[in-house]
Structures are given as structure tokens and as C-alpha cells.
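Here you get one chain, nothing else, as C-alpha cells; it is the form predicted on its own.
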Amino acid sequence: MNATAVNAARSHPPRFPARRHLTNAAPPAIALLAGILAWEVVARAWGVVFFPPFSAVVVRLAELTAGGRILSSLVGTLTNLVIGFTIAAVFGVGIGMLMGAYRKVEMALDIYVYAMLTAPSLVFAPIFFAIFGLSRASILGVVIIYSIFIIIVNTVAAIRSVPIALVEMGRSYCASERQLFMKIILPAALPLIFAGLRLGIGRAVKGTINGEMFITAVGLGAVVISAGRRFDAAAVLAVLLVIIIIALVAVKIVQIVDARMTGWLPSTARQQRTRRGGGA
């Protein structure tokens, strides 16, 4: 092969984006289909009323959707989720940054953050009910309690994981403390911060449903309570499917924002930082 052909091959490498996407999508699709098949087979073989087959759950979900129960409840649930998680994300990242940047702040708040992280979040529902009554503020309080502390912990780890060499290099170029934080520390910490946000959004979905079920009986939580009182297992599992879909879509949205904001990082470095954050 002559030099011209080599240069042409380097400048126009073969690309197979469609094949790559299909390859990446195959394992999750196979795992999902296998899980659905196992659910259907076990449920039909077991024959227990409280564990209906997947096909029966899908039929019940279609009935609830056609009757307007799902869509009307979904609006309120998504509103509670978005507002609650936004508040938790803003304050969680802010507090985590302060704790990561200032050792004295971490020493003062660390015990409270980890105590609240390990405490059962649902026990605070009666407290919010006593303070705010049957209002949206009570549900938002539960959502925030569920999600904010895991965001704080991951943000602290993100700030502390920034290589000291990057900070020293910025100081050698006479960067101010503000420039160091905004142009070096924060960009380098973003992948781990977003890992905490992904964990937080999953917990926020759980907090939203629990708050709706145990405080005000609104949204999808009210549908679950109503179905449970009628011993309608298919309806309960149908709502559970909707909740799982909401959680998966919410996590995907955070992943998309993460990819846009950390796209400048090499893919391997971003994946390594994300894995470390997921285990925090």
C-alpha cells in the first residue's frame, strides 16, 4: 500500500455507528426479555393471586391508562419529583462543595450527613406532616431527605478526588482561588458529582412515591394505595412498572446532561471516575 492510500485510510477510518449501537443495545434487550419471560412462566406455574403474570399486568396497565388514572396521577408525581430533586441537587451539590473545599466545614457537618444518610428516611414523614400538614411541602420534604445526602457525600468525594497536581499547576500560573475552583477543581469533579446525582434521582423517585403513599395519598402513590385496598395485585404491579420507567428515564436524562457537560474528558477517564462515584 502506498503512502497516499495509507494517509487516506487514516483520514477516513471505517465507521459502523449503527452496528455499534445494535451491539450495545443487544445485552440489555436480551436481559429484559429474559426477565419478562421468567416473570410470565413463574407466575403462571405458581398460580398465586398476588403474583399475576406479566401479560395480565400489562393489560391492567392499559385499562388504568385508558381510564385516565395513570396520566392524571402522573402529572402530580412528576411535579413533586422535579421540584424536590431540583432542591436536593442544588443544596446537595452546594453543601458538598463547601465540605470538600473546607476541612472545617466537613468536620462540622460530616457526622450529621452520614447520620442522616444511614437513617431510614421514611421516619421523617410524620415530622413533615406535623409541620406542613397535608400539603405538597410535606412530600417535597420526604423527597429531599431521600436524595440530598447521597448527593452531598458524592460531591465531597468528587472535590477531594481532584488531583493535587492540577491545583498546583493552576497556582503556578498565579490563578486566584476562585479561578482554581471554577476552572480546575469543578470541571475535574463533574463526573463524580453527576454520579451522585444519578444515585440521588433514583432515591428521589422512591421518596416521591413513599411521600405520596404515607402522607397525602396523591399521584401514583394514591393509585397504589387504592389498588392495595382492593387487593388488585395487577394494578399495583402496573403502577410499579410506571414508577420503574420514570426512574430509568430520569437517570437517562441525568446521564445525557452528564455526557454534554463532561464530553471534553477522555471516555476512559470519565468511565473510571463515574465507577468510583457509583460506589461512593
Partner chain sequence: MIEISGLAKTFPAKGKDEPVDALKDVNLTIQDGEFLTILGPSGCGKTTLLRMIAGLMDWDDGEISVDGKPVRGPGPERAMVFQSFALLPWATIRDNVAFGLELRGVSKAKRNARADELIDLVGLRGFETRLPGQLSGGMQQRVGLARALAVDPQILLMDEPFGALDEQTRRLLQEELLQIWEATRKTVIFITHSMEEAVLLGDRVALMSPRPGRIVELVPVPLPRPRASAVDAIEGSAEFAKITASLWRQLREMQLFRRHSAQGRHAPSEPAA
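Predicted model only: the values in this text are computed from it and were never measured. Positions refer to the first chain, counted from 1.
There is another form of the same protein, the form predicted together with its partner chain; it is not shown, and what comes next is about it.
*Asks:* For the three residues G219, G221 and I244, verify that every one has a non-hydrogen atom within 4.5 Å of its partner chain in the predicted complex; reply yes or no.
*Replies:* No: none of G219, G221 and I244 comes within 4.5 Å of its partner chain in the predicted complex.
*Asks:* Among S135, Q179, T86, S72, which has at least one heavy atom within 4.5 Å of its partner chain in the predicted complex?
*Replies:* Contact check passes for Q179.
*Asks:* Quick one: from L109, A125, I184, L98, grab the residue that has a heavy atom within 4.5 Å of its partner chain in the predicted complex.
*Replies:* Filtering the options by heavy-atom distance leaves I184.
*Asks:* Can you work out whether S172 and its partner chain are in contact in the predicted complex, taking contact to mean some heavy atom pair no more than 4.5 Å apart?
*Replies:* Yes, S172 is a contact residue.
*Asks:* Just to confirm, L166 within 4.5 Å of its partner chain in the predicted complex by heavy atoms?
*Replies:* Within the cut-off, so yes.
*Asks:* Although the partner isn't part of this model, could you tell me whether A188 comes within 4.5 Å of its partner chain in the predicted complex, counting any heavy atom of the residue?
*Replies:* A188 belongs to the contact set for its partner chain.
*Asks:* Where does its partner chain sit in the predicted complex: which of 200-208, 76-84, 158-166, 125-133, heavy atoms within 4.5 Å?
*Replies:* In short, 158-166.
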